[in-house]
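Presented as structure tokens, the chain that follows is alone, the form predicted alone.
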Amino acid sequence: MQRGIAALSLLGLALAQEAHRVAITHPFSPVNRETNFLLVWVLVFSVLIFGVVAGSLAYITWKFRAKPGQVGEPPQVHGNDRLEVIWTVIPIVIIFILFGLTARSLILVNKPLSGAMKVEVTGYQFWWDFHYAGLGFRNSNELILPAGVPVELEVTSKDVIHSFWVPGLTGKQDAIPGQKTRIRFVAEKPGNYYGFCAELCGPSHARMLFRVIVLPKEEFERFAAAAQAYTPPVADAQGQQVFQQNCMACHGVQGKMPPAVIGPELGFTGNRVSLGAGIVDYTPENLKAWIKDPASMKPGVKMPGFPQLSEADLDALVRYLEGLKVEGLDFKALPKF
């Protein structure tokens, strides 16, 4: 019994932590703070209207119920002009208030941010690519940003409609093939933020996740400088050979935008906090399982499995991939939101 209670308590704690990670009620940017402000007003009016309507219905039901011994119809009431004006005017006033608050929020949220750092965001089935065109490098499935710096994301898709959403930082923005949409925000607090695809896009839509890694400004500048001058280190020569024979046709390791993107960029694999577009935490064991059989972890994934690799080759490949990183950065130590 005690073990069951303890297990339920741990499950409740885990669910509460996950809920915190996806809740817009914990804003860490001006955009989400504005959205949260509007949400509070909508909830207040919703509760007020529900209370008045439900309360009035309960009162009328009780007040005009059939009395014991009552025969025939009760006295009839034929309209109340004052009451009808009141219940017409009040909803109109509420609509105008919410219209004004919504217009204000839309203007503030969509206002261009001067000096914004631009990142090109591209959705694929079922992963995300982030190209820092102005800085000359790219990363996949983990968007690395500086805290306190305005950011403008240019969002598109290469196959079907996706939707970019980071609940802790900003609202949703559709990724539409052949079109570019923009979303602007400022991440105020360093951390590891959970991101989602918010548009049904195929069998692994629910597993099309990503992370936004927000670093202190000085740390981001150090990472960006290292990424611009990046030369892939070779932590394991045998692993590099296995990579070139089996992985190089689809994946790059230079941290650059290749002529044609086929698969995620792996240049900073060793700095990752997650694998498979955010579906599992990054560990050597999870990386080995992903390479062997990605479809078992993510149905519909286009990456083939490599069960034919020997344990020695697989271990060497993992060591090589783990060595692809910018030294001195530990993204796993950041708080999670």
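This is a predicted model, so every value here is computed, not measured. When you see a residue number, it is the position in the sequence shown, counting from 1.
The same protein has a further form, the form predicted together with a small molecule, not shown here; the description that follows concerns it.
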G123, H131 and V155 each touching the small molecule in the model of the complex (heavy atom, 4.5 Å): no
Which of 272 to 280, 53 to 61, 37 to 45, 66 to 74 sits within 4.5 Å of the small molecule in the model of the complex, heavy atom basis: 272 to 280
Contact test in the model of the complex: C250 vs the small molecule, heavy atoms, 4.5 Å: yes
4.5 Å heavy atom contact, I262 to the small molecule in the model of the complex: yes
is_contact(N192, the small molecule) in the model of the complex, heavy atom dist at most 4.5 Å: no
4.5 Å heavy atom contact, T170 to the small molecule in the model of the complex: no
